[in-house]
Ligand code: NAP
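Heads up, the chain below is alone and in the form predicted alone; it's given as structure tokens.
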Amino acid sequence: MTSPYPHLLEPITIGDLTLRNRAVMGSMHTGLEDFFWDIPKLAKYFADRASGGVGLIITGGYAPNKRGWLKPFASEMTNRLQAQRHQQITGEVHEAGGAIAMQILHAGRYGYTPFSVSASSIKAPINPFKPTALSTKGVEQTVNDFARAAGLAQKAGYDAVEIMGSEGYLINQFLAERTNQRDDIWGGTSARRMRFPIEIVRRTRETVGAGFPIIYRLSLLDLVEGGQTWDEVMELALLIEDAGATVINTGIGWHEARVPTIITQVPRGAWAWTTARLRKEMAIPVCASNRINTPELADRLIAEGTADLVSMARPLLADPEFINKAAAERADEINTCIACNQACLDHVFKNKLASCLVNPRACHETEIVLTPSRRKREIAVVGAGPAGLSAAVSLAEAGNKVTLFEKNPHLGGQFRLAMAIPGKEEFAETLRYFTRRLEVLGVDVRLGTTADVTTVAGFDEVVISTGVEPRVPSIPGIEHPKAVLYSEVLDGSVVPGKKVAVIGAGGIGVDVSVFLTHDPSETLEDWLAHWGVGDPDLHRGGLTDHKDREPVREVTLVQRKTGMIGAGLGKTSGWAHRAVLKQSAVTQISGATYDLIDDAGLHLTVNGQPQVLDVDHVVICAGQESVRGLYNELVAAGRPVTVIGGADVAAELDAKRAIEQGVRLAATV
């Protein structure tokens, strides 16, 4: 049979290790790495991905010494006992038919501890702790610690190691003028700054032997001032190859960079051009990474010669069966990563366990188990938004007979609004996934059907997931034709004029402002220019002056609160969404009182001063209210009923909570 993705699914040999395909589950810290008692959970998490067919798994980062911790008592590989404990991880992955590499990561000045170290004593803008500069002897010891950690990983049964030289961690800190102001043998010139990673790779090779694969994660674009030039990056790559690396994996941007690199507004494959430029010069395999989330794109990058392998971290978080489905010509059943960061990186940066918005079982495989029901229950799910779709699919997966009622002629609910936002088109993939799963599982889907007490009378259980409706605030003139709801704008039933005021600056208000100003003809080149990404041959670190967007409307975003616009947005993506508002010349007003909407526009009082915004429309983004009429009727009738999603709690468009509630419900029925 002809493979649907022949290049992605082709085996490749790296060192003494033959991988069954060229798909790599890239490194991502989940929080399960930090405590030995979570090793069984971590083993299950990785084993599921190995069973799902991925060629190589790379763990989250393990520090080579305590001063390299990401946070107090974080993951490390420093002694034989730890290596012995990791044998459960490697054993279960191998039993599942997979291969696994351990990433060695020294946090440097990103370490959230008071005893962090770096090349020089320069505080990171994203960390309150100022690092101590490593002594010359300390640098030598750190090099040896990397090599020792690799040797321990080999004893633990890992098939390879990855040395983390990207993302602004310690190795990157040695490489860049920005963070290395040393005048000893480890700094002062580009050649001396490169000595640190070269020595790490060389001594690691001496420790692990000739055939054991060493992957080096190389920062192609630092995207920070004082970063590396392209010539320096290329020189380093070739020297790393000579020092004994088996594969070059690619990284883009430091964590402190003000350019988004992996969130959903980043176009798919946005950084592949940098990998292609590197690969032309290398004799060893090169791995592409960042915003590659479909087998079609991964296969094409390999076919075109952009890369030899493709790293997909969050896509394997979203769907552990990604590769098996692709190989079986079931790509339409892949639960695609939407790059939202809401349950993965946002959780990790808040010191919480990672999960996945579209797959809440990720990292909770031993906790959320969809076991077959003891008896096949007939369950009605009312409402086919995120919560209802999640519940219907999960309940059917648990062996129940499910009927899904939706009053509208189409599935999706709030998903349909979310996927209309520029940069959030990936939500359409989630809707595609759920639609296909309903078909595969044989769920009885009844569109255009308004369920009532009589409709659900014959079911064993009823799940109410009727979602939310926009809240209409009590503003004089709210009935004026200029006042429209955000849902009417996003679903296309109202096309606003050229001058618009947006009331409410939470997540929806920010999204609507982006929607209203976005030019749909924007290309990847335009996107890079807006973020100030230039040719690294010409601009150090790939960073240049940004080009403002040309908004298609004049938008003013207004909120009652006096704080920062969009303060409740995600930790790892909110800053980027606020930056787009600035790039799009959105006027932002805080601390306003809404006085009146009339023919003249929106009347406000700000700091005690009245003003009028001369606008064509006023878009209302003032929150939501739960739709739970049927739930209340069923409760009054004494019927067993469960409410989930927005019908349970109306809080923005919280798909993460809604989908998780649906899955957890199925695990308890």
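Quick caveat: nothing in here was measured; it's all calculated off a predicted structure. Numbering starts at 1 and follows the sequence shown.
Quick note: we don't show the form predicted together with this ligand, though the next part is all about it.
Engineer: Pick from 601 to 609, 63 to 71, 614 to 622, 36 to 44: which stretch has non-hydrogen atoms within 4.5 Å of this ligand in the predicted bound form?
Structural biologist: It is 614 to 622 that comes within 4.5 Å of the partner.
Engineer: Identify which of P496, P295, G506, G423 has a heavy atom within 4.5 Å of this ligand in the predicted bound form; exactly one of them does.
Structural biologist: Selected residue: G506.
Engineer: Can you pick the one in F434, F515, F196, Y594 that has a heavy atom within 4.5 Å of this ligand in the predicted bound form?
Structural biologist: Selected residue: Y594.
Engineer: Is there a heavy atom of E162 no more than 4.5 Å from a heavy atom of this ligand in the predicted bound form?
Structural biologist: So E162 does not count as contacting this ligand.
Engineer: So in the predicted bound form, does N180 come within 4.5 Å of this ligand, heavy atom to heavy atom?
Structural biologist: The answer is no: N180 has no heavy atom within 4.5 Å of this ligand.
Engineer: My question is simply whether D654 lines the interface with this ligand in the predicted bound form - judged by any non-hydrogen atom within 4.5 Å.
Structural biologist: Judged by the heavy-atom cut-off of 4.5 Å, D654 is in contact with this ligand in the predicted bound form.
Engineer: Evaluate E406 for contact with this ligand in the predicted bound form, applying a 4.5 angstroms cut-off between non-hydrogen atoms, and reply yes or no.
Structural biologist: No, no contact at 4.5 Å.
Engineer: Please state whether all three residues R205, P285 and T306 have a non-hydrogen atom within 4.5 angstroms of this ligand in the predicted bound form.
Structural biologist: Answer is no for this spot.
Engineer: Does any residue in 452 to 478 get within 4.5 Å of this ligand in the predicted bound form, counting heavy atoms only, and if so which ones?
Structural biologist: R471, P473, in sequence order.
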